[in-house]
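Presented below, as structure tokens, is a lone chain in the form predicted alone.
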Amino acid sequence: MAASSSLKNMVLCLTGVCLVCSAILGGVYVLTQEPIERAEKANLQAALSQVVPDGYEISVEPVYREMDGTRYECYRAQGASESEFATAVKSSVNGFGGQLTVLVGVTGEGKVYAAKVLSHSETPGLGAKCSDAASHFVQQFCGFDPAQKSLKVTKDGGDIDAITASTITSRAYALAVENAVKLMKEDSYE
């Protein structure tokens, strides 16, 4: 004998299906949370070693700094002598597709050592080129001296060549780098 199609039966059936699906989703979240956190930590450590000079010892614990109401996660890296140091700054800005997070290595002299995209939501094939470490766009930030040049795209009167057809992403990336450099100029680790 089939169950009658009543509002009560439909609500009970739908509630049961929702509870089972919610339990499955919750279980998957609990099972994957720790491996995802480990993978994110490993990716951050790999990125840190790429944005500070070779041979520098990078602090494991981040230091948090605030500038203009924004909180930045910073990692200090120490060279062979006390005068040799760099700082890796996690800088996030809004790009064309959403949040763009860049890890920027700034030397003690205030120069950009290197920058690496940690996460983005930019358009594949266009703005996503900002995450290609071998591209001309990314390479022009390596060794960039903001005391000599402007961290703005050429379209805005600066010295950064934008990614073709991705001016908004290029501006966002340059702003993320500029914010990291500005933070290190204003902040001392004494």
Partner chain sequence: MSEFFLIIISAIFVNNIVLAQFLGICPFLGVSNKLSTATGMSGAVCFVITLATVVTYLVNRYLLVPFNLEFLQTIAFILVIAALVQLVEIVLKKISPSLYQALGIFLPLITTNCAVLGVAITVVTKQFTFSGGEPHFFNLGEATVYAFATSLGYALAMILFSGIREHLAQSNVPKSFKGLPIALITVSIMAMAFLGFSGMVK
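Residue numbers count along the first chain shown, from 1. What you see is a predicted model, and the numbers here were worked out from it, not measured in a lab. Here, rigid core means the biggest group of C-alpha atoms that superpose within 1.5 Å across both forms.
Not on display, but discussed next: the form predicted together with its partner chain.
Contact label in the predicted complex: residue 69 to its partner chain, heavy atom within 4.5 Å
Close contact exists here: in the predicted complex, residue 69 approaches its partner chain to within 4.5 Å, heavy atoms only.
At the 4.5 Å heavy atom threshold, is residue 175 in contact with its partner chain in the predicted complex?
No, residue 175 sits far enough from its partner chain in the predicted complex that none of its heavy atoms falls within 4.5 Å.
State yes or no: in the predicted complex, is some non-hydrogen atom of residue 92 no more than 4.5 angstroms from a non-hydrogen atom of its partner chain?
Yes - in the predicted complex, heavy atoms of residue 92 and its partner chain come within 4.5 Å of each other.
Its partner chain contact at residue 85 in the predicted complex, heavy atom, 4.5 Å
Heavy-atom contact with its partner chain at 4.5 Å: absent for residue 85.
For the chain seen here without its partner, which of 24 to 32, 133 to 141, 52 to 60, 146 to 154 has a heavy atom within 4.5 Å of its partner chain in the predicted complex?
Looking at the other structure, the answer is 24 to 32.
Contact check for 96, 99 and 168 against its partner chain in the predicted complex, heavy atom at 4.5 Å
All three within 4.5 Å in the predicted complex.
Classify residue 37 as shifted (yes) or not shifted (no) between the shown form and the other one, where shifted means its C-alpha moves by 2 Å or more with the rigid core superposed.
It does shift by 2 Å or more.
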